[in-house]
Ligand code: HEC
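Before any questions on how it binds or moves, here is one chain, the form predicted alone, in structure tokens.
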């Protein structure tokens, strides 16, 4: 205190408050190291490193701009519309600190207070893989033009069934590769698409062939820059059998010069077999995508009612350049809405798989909804067409798509994927009455439930839609046998074999049908053809012995 002129004690006035000094050491380094360094470091996709004070100071104004606009770090889901693990979103306080730091002249602070730069694993993130598989040949990305989608077919060399707990993708030059998906191919479909062995093939969305009795593997095997490999929990490892291929579906962007890309993947095995069976559930309505030029808000929707209780483990939203607002939500049986994801400003450049922090439970009867909006006007800065033109669904970057994928795990013991697949197939046929696969799945499930009479017209429709698909012919043969139309079934099996001579299942079914018709010599011929490839198969050996014995008995 001080004495005033009248002798009274008075308080000395405090100086005016000043803003707290924001320093790199105390405030900015922790933000950058947590949210930026995984991509902004040597060998990763970021165009410059952000590992030191000098690195960050050099780009300080740019960092302040892109964080204020929320362009960086790239995180599309809106807060409060899904609780995701590994959320990479800056808080308003963090964004404000970055802007204030730049305004204050980017002070460093005491060098001794700068936290250690993050350390990243050298080489493989999860340690040395149990198996490393490389693409047979490199692909040359042209120096310019539109985005490139190329598929590499990799063939793991294994001699027994393995359970895969993690996949690490090394796609090649990360400045070029935007993202990649690994697709399990159990039918050699990918090899059939190649012009020559190992050459790979073009394509954005793949219609991988699989048996109707082989549900999808239910896993997002997705790579993006800065992302870490996902380790499957116990019981959720997926199976890889001898002869299976892995297709690396790769999205690349030209860099201005030719670039060689040759992906490598590392597989990590576990001895714990799969005991829980997730499934990828897709909502879409691409046939409704016919967006006239100039339309600023074109909605596309789809709704699916769950036939069982499920837990949702992760979500993947996908569209191209015209999409703006993307919403996925669930309406519970009591009318409550539960958000799965909401992306208010879609940017294809940063699409990703988002895994929930905790599984999202959805009871039977829940309706899952997709609501996507597209802007095909000149005001959409991402519109690839100038002037705008009619845009429809398609498999090129300048076409459009609208897909909402959910990884769901049905509750209860056992494998419930076929039941869920049946509900999805019925839903698909409501939208697309001539969908081949939906007919096949529905027909197979009806047959498995001993409702062969109802299955016949469903599978006949599949053959009519795709008469050159051997699996459809084989399934129709099996269905006709069940209803006593064996001569017709034999013709379908023969048609399947003519389309695919190495179709062993159809040949085995044909042999059995021939035996039931007392056409033993023909049956023996089919069994011997199978044994020439699989000489130790006990079922075929037994079938052959029985056919030969029946043929001898007939001659007596």
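Keep in mind that what you see is a predicted model, and the values were worked out from it rather than measured. Numbering follows the first chain given and starts at 1.
Although it is not shown, the form predicted in complex with the ligand is what the next lines describe.
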Which one of 528, 494, 35, 57 is close to the ligand in the predicted complex, taking close to mean a heavy atom within 4.5 Å?
-> 35
Of 307, 225, 293, 109, the one that lies within 4.5 Å of the ligand in the predicted complex (heavy atoms) | 225
In the predicted complex, does residue 509 have a heavy atom within 4.5 Å of the ligand?
-> no
Considering only heavy atoms, tell me if residue 523 and the ligand come within 4.5 Å of each other in the predicted complex.
-> no
Just to confirm, residue 46 within 4.5 Å of the ligand in the predicted complex by heavy atoms?
-> yes
Partner contact for residue 499 in the predicted complex: the ligand, 4.5 angstroms, heavy atom | no
Go through 434-442, 474-482, 87-95, 378-386 and give me the stretch that gets within 4.5 Å of the ligand in the predicted complex, heavy atoms only.
-> 87-95
Going by heavy atoms, what in 46-81 lies within 4.5 angstroms of the ligand in the predicted complex?
-> 46, 47, 48, 50, 62, 63, 66, 67, 71, 72, 73, 74
